[in-house]
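Encoded as structure tokens, the following chain is the form predicted alone, with no partner shown.
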């Protein structure tokens, strides 16, 4: 098992991509803190890991709340004595044209993606620097590298995560900390399912057309990226043994973006 005895915290891990990574990490031997805004959702995911023979705890966490993030990370330290991997995965979406977008909706999206990633990073680094190293992973998007209409706060935040990831790679190197950003194409999670009817209304097209002509138009095979694809990559990056690989962006998108 490639992550045996490692300790990981994953935000937004109650469902979707985060839960998929949490379950994969547990299968690879990691002890996993499932952090989620909803306590019941986090506990459900943690219980499923334990039922499958893994080791997990549920951590209720609003990633935009400084005290909640700091105390959640401290709970991991108190439980297992260390933190080896931190994954900033929590995210939300808002579909609206820029000229109609409110500042409140802009801030809601950027706070979860960018402020939440910063707060997790800071809390994790304080422990990783003391213990001699670790890995920070960020859940970016193809929208970290290119834009789509109607998603400006999401696109802006995902672009900014590239800079945060690279800053961590530079600053963390002296302390044995590596970082990477995973940039998926569309994965059919609840977040994406919610977008399909929203985009259909905004664009005046059918939901099937949103999937075919918007979400999957630029892939090479018309296929969604899967949670399993992302979980496998997140495992590979956490298990990589040296700083030969750090500060990198990895696009997992069925060829939607090639760079």
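Numbering follows the first chain given and starts at 1. If you're wondering where the values come from, they're calculated on a predicted model, not measured in any experiment.
The form predicted together with nicotinamide-adenine-dinucleotide is left out here; the points below concern that form.
Residue contact with nicotinamide-adenine-dinucleotide in the model of the complex: residue 55 places no heavy atom within 4.5 Å of it. nicotinamide-adenine-dinucleotide is not shown here, but in the model of the complex it comes within 4.5 Å of a heavy atom of residue 91.
Interface residue remark: residue 247 is not counted as part of the site for nicotinamide-adenine-dinucleotide in the model of the complex, having no heavy atom within 4.5 Å. nicotinamide-adenine-dinucleotide is not drawn, but in the model of the complex it has a heavy atom within 4.5 Å of residue 141. You can rule out all but one of 44-52, 25-33, 199-207, 59-67: in the model of the complex, only 59-67 has residues with a heavy atom within 4.5 Å of nicotinamide-adenine-dinucleotide. Looking at nicotinamide-adenine-dinucleotide in the model of the complex, residues 83, 85 and 133 place no heavy atom within 4.5 Å of it.
In terms of contact with nicotinamide-adenine-dinucleotide in the model of the complex, the residue from 187, 155, 77, 162 that brings a heavy atom within 4.5 Å is 187.
For the candidate set 112, 120, 137, 168, a heavy atom within 4.5 Å of nicotinamide-adenine-dinucleotide in the model of the complex is found for exactly one residue, namely 112. Residues of 24-45 that come within 4.5 Å of nicotinamide-adenine-dinucleotide in the model of the complex, judged by any heavy atom, are 36, 37, 38 in sequence order.
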